[in-house]
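Only one chain is included here, represented as structure tokens and corresponding to the form predicted alone.
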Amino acid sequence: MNTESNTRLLVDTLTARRDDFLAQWARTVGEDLRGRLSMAELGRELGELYEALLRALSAGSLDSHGEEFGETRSLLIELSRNRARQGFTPTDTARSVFALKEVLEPSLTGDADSVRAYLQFSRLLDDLGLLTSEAYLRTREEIISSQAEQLLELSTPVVKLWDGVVGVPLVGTLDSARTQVVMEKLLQTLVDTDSTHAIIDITGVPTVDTQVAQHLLKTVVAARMMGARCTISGIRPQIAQTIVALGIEFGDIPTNASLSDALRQALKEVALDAEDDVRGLL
């Protein structure tokens, strides 16, 4: 039998036993997913996919990359994205496609022509199953990237400590990506709160090396360009020794041993600025 004859046999078989095949397919996939998806939702997804497969086969194609299977591919990508968001594994997702082979096998292995048609259809489903895995993995990468960005945002809070004073309590390692987030949030908070003093507290930073120091300096320079006076607090004895040993120069950047010391100094400066403003009005 040629491809046209095979597709005609497949279409006839899939059409004649549509309800039976769909019910078996949904039941098999439902067992694989262990009841974590409602049968109504599962039936809808598989029903749409079944009809799309039928339309593509009716067009005489068995090429999963062909234009005829465009709708099928779109449905599978959407199914894969949903499975990834719902927490299913790539295997669970691919099995949703492969299970149709198990359903059709008893009906398409009776004679040589049926076997050839089944083997071609099986290869088609293998290709579509691989497509679901690729779409699933892309979605998981997007989810992981989004979660990493959210965690980065949460790990770099900028808080208002007093009128005119904001603080950035850093915890953990400071790298280039995190420095960029710190800069953006600090500068935006300076504008939003009309603050003139910023305190970067590194009490929770385990080590300070040359790279970390450079990141801190960049943040301080950015804050200064916005007109804010910037102080680095949390310089513990071990950190101070490391900075000296590495020959790191903080230049004229004020430093304090603790956040409370830095805040006390910042409040004095805010008070002096207020007095100067009052004298300037008189």
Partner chain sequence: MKDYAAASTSTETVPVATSGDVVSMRQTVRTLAQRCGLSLVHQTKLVTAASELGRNMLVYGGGGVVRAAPVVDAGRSGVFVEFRDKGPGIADLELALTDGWTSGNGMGLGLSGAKRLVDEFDIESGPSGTTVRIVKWGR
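Here the structure is a predicted model, which means the values were calculated and not measured. Positions refer to the first chain, counted from 1.
There is another form of this protein, the form predicted in complex with its partner chain, and it is not shown here; the text below is about that form.
- Heavy atoms within 4.5 Å of its partner chain in the model of the complex map, among the stretches 25-33, 58-66, 231-239, 45-53, onto 231-239 alone.
- Proximity of Leu217 to its partner chain in the model of the complex falls within the 4.5 Å heavy atom cutoff.
- Among residues of the shown chain, Pro157 is not one whose heavy atoms approach its partner chain to within 4.5 Å in the model of the complex.
- In the model of the complex, its partner chain stays beyond 4.5 Å of every heavy atom belonging to Ser146.
- Among heavy atoms of Gly204, none comes within 4.5 Å of its partner chain in the model of the complex.
- Using a 4.5 Å heavy atom cutoff, none of Thr196, Met225 and Gln265 lies near its partner chain in the model of the complex.
- Out of the listed residues Ser74, Thr89, Gln188, Thr210, Thr210 is the one that sits within 4.5 Å of its partner chain in the model of the complex by at least one heavy atom.
- For the options Ser122, Gln180, Ser133, Thr173, the one in contact with its partner chain in the model of the complex, meaning a heavy atom within 4.5 Å, is Thr173.
- Residues Gln241, Thr242, Ala245, Leu246, Gly247, Ile248 are the members of 241-273 with a non-hydrogen atom no more than 4.5 angstroms from its partner chain in the model of the complex.
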